[in-house]
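One chain comes next, on its own, written as structure tokens: the form predicted on its own.
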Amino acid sequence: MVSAVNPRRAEILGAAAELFARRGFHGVSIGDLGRAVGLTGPALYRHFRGKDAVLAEMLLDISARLRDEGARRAAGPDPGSALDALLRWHIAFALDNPALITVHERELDNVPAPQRHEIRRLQRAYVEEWVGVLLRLRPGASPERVRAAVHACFGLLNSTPYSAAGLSRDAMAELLHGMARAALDAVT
């Protein structure tokens, strides 16, 4: 889930995502985070300055990974294939990381301002990868309209923490892909 270089940091970030999603940032203590990975609260400070640093690194990491992979997939020569590649990537992320989506949705305002601004910058860059692909598909479309459609599509795809129950992962992925592709194909 989290691609930190240090495996222990990655373990802490993964446990924190689950705890923050379930109980909220303010409902989780440093002691809770430590216990989740077999550490004492004070031992956690060897890895992170504090709980806000855990949250910031978690959201910076996923924002950078989305942007980097988005750029890689958007670079394909065929915009239709690039759009499908972006959709497959984001759908897989959404289905595999519901806790991260929940934490981002609920807790971004708890990230210190400098890191929050960087997270937003990375997210805007990710959105622009999608916008670029869609504008290649629809050269006459308004960039503002395309950007609005991309944000609406993300709303659909990022609903998985609430909407994915009851269907198999493959069935939900297929449903999301079809719905998102149809919505984006309708952009003029």
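Just count from 1 along the sequence shown to find any residue number. Everything quoted here is computed from the prediction, not taken from an experiment.
The discussion below concerns the form predicted in complex with a further copy of the same chain, not included here.
- The partner is not drawn, yet in the model of the complex one stretch among 124-132, 151-159, 34-42, 64-72 has residues with heavy atoms inside 4.5 Å of a further copy of the same chain: 151-159.
- For the three residues R9, P77 and A85, a heavy atom within 4.5 Å of a further copy of the same chain turns up in the model of the complex in no case.
- Looking at R169, you'd find every heavy atom of it more than 4.5 angstroms from a further copy of the same chain in the model of the complex.
- When contacts are judged by a 4.5 Å heavy atom cut-off, R49 does not count as touching a further copy of the same chain in the model of the complex.
- In the model of the complex, L176 approaches a further copy of the same chain with a heavy atom inside 4.5 Å.
- Although the partner is absent here, R136 lies well away from a further copy of the same chain in the model of the complex, with no heavy atom inside 4.5 Å.
- Contacts between 84-110 and a further copy of the same chain, taken as any heavy atom within 4.5 Å in the model of the complex, involve E105, R106, D109.
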